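The data below hold one chain only, encoded as structure tokens and taken in the form predicted on its own.
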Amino acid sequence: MTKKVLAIHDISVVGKCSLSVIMPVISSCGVEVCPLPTALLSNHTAFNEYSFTDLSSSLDLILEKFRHQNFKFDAIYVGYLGTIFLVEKICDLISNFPKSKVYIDPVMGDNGKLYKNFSIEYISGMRKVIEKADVIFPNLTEACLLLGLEYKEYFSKDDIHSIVKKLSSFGPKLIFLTGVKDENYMYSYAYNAENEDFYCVNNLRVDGNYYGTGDIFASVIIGKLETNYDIYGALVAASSFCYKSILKTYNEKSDSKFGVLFETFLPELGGK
């Protein structure tokens, strides 16, 4: 039977990120995506200006209909929330699906900085959200924010091992960490707290900033784990898919602000 993932994210009309990449990527892995938009943006927030329409007021009615019809989901995938109100709402929503596996991307910042309009209060709220998670997908900036660590451009492998281990103390048993780099490579890590297994995959660095790749990375991981890949296999698949998409975008000189050219590689996600 096909697995179902409830994806709770925003959607941008322009700029490939959040639900506009999550739906095709997870679907290509053979998993059904049930999208639950939290906000509608004209374009993602890396552009100079954007419109933002909050859709969180619809959550209570949607959840009521879910209960009436006894809808079930194999997994819940939570991403960008943006407000303390929505953070609290999502904690309540997750509690209504105790049998669902919970994946959370604690979207808060990148490149050592908290995103605009976010606060210390929001970081505290996100710590409470990840207590509900089985699996989390922070980048290095978000990991430092969650742990109260000073961000620096380069961390040693021992430092990273310590960071993912500390993140697991919040509750999630599986940590995927991105945004780790040195002068030549980008690294993706996974840590399984249940048996303390620690995995690492690296790819050559490609110049530039590539928006939406965090959403794509997490979506491949979810699609693979929900179709019975092991942790390392899912990590390799996600890292490879993102690298190929970034490299194609770079080679074709496509404006990365509009998202990476991932569509060509979607058929590859269906195989094992």
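In this text, residue numbers run from 1 along the sequence as written. Owing to the predicted nature of the structure, the values given are computational and were not obtained by experimental measurement.
This next part talks about the form predicted in complex with a small molecule, which is not shown.
For a residue to qualify, one of its non-hydrogen atoms must sit within 4.5 Å of the small molecule in the model of the complex; none of I104, R127 and F170 qualifies. Residue contact check for Y122: none of its heavy atoms lie within 4.5 Å of the small molecule in the model of the complex. Remark: V25 does not count among the residues lining the small molecule in the model of the complex, judged by a heavy atom distance of 4.5 Å or less. None of the heavy atoms of F97 is located within 4.5 Å of the small molecule in the model of the complex. Residue contact with the small molecule in the model of the complex: Y80 places a heavy atom within 4.5 Å of it.
With the partner omitted here, the stretch from 200 to 208, 225 to 233, 242 to 250, 42 to 50 that lies within 4.5 Å of the small molecule by heavy atoms in the model of the complex is 42 to 50. With the partner omitted here, the residue from F73, Y151, Y115, Y187 that has a non-hydrogen atom within 4.5 angstroms of the small molecule in the model of the complex is Y115.
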